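There is one chain below, alone, in structure tokens, taken in the form predicted alone.
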């Protein structure tokens, strides 16, 4: 009887330990699934921040499904002009019907679809639905308009203060004047030359303040990422490319197609390489600004997301402190990227106008 009781005791203990082990594994799996779901949610939030959108969403309540913000106008060309509010999409949850046609917002792009909102895919899971021409006023476009108006009124005020006070700025002009002089004395004149820098000053000032202000706007809770949009950086690089080549002198083109002082055979070999460099320069401008600003947003938001993953008295404060330090560093990067883009643009303008020395 005692042996039987001992065996029963061991069997009972074994069952209890097995049950506890299963419970622990289930709890671990639940916790792991919860963390994986949170990581996926953070990744989706970062992706949403980096992409442009057809509405301005300040914040959302996940439990109630409500979004707080305001819609923007959607302008499409699909067999005719179609204009409607982005609220019809309800943040991509519903299908918009306009003049008998159905449109769906999918991954920040508008596709033609049916009443059920069907999206068809290819073998690589890419949407293959037809897309109308999209001329919508998106979040990035609104941000560009706002910065453009801000710059217009700021520099208009600076010009008026010069006129009224005999060249002495007042108000916001006292903040702008040192920066204008910095662009002129430290960027334009050293790289372009004392005689030719004036014709480029308007562009250099515009691109410097435009990039800087947009970078600063991207650090606000409005969650805009204009300079992290490759279409914007492409447009800035394209304008720089056009100005460089349309204002270049004969000496510039001579050094590209028929380099002086070089043997004829080497001229034939080097000409395609030099011509390729004409396109590589603006391409580097585009990629540098796009990659640096995108990487900064991704790193900063990833570190902020770690606070919600750790949920501990050690990990969360460390993540917050690191995010705060990086935010301060991003303020420097915002100005630094504007300076680098303007400096390289001035350097290209100077190279295009360099006089012959032989």
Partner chain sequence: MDKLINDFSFGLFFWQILLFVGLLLLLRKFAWKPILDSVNNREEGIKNALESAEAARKEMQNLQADNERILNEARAERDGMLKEARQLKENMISEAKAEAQTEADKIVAQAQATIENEKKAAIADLKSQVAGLSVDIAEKVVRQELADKDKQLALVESMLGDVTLN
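Since the model is a prediction, treat every value here as computed from it, not as a measurement. Numbering follows the first chain given and starts at 1.
The discussion below concerns the form predicted in complex with the partner chain, not included here.
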Partner contact for residue 241 in the predicted bound form: the partner chain, 4.5 angstroms, heavy atom: no
Residue 162: touches the partner chain in the predicted bound form, heavy atom cutoff 4.5 angstroms: yes
Residue 198, heavy atom within 4.5 angstroms of the partner chain in the predicted bound form: yes
Residue 51 within 4.5 Å of the partner chain in the predicted bound form, heavy atoms: yes
One residue of 281, 109, 82, 288 in contact with the partner chain, assessed in the predicted bound form (non-hydrogen atom, 4.5 angstroms): 109
Contact residue in the predicted bound form, from 78, 101, 274, 177 (heavy atom within 4.5 Å of the partner chain): 177
Region of this chain that lies against the partner chain in the predicted bound form, out of 261 to 269, 128 to 136, 112 to 120, 93 to 101 [heavy atom, 4.5 Å]: 128 to 136
Interface residues of 151 to 173 toward the partner chain, as seen in the predicted bound form [heavy atoms, 4.5 Å]: 151, 152, 155, 156, 158, 159, 162, 167, 168, 169
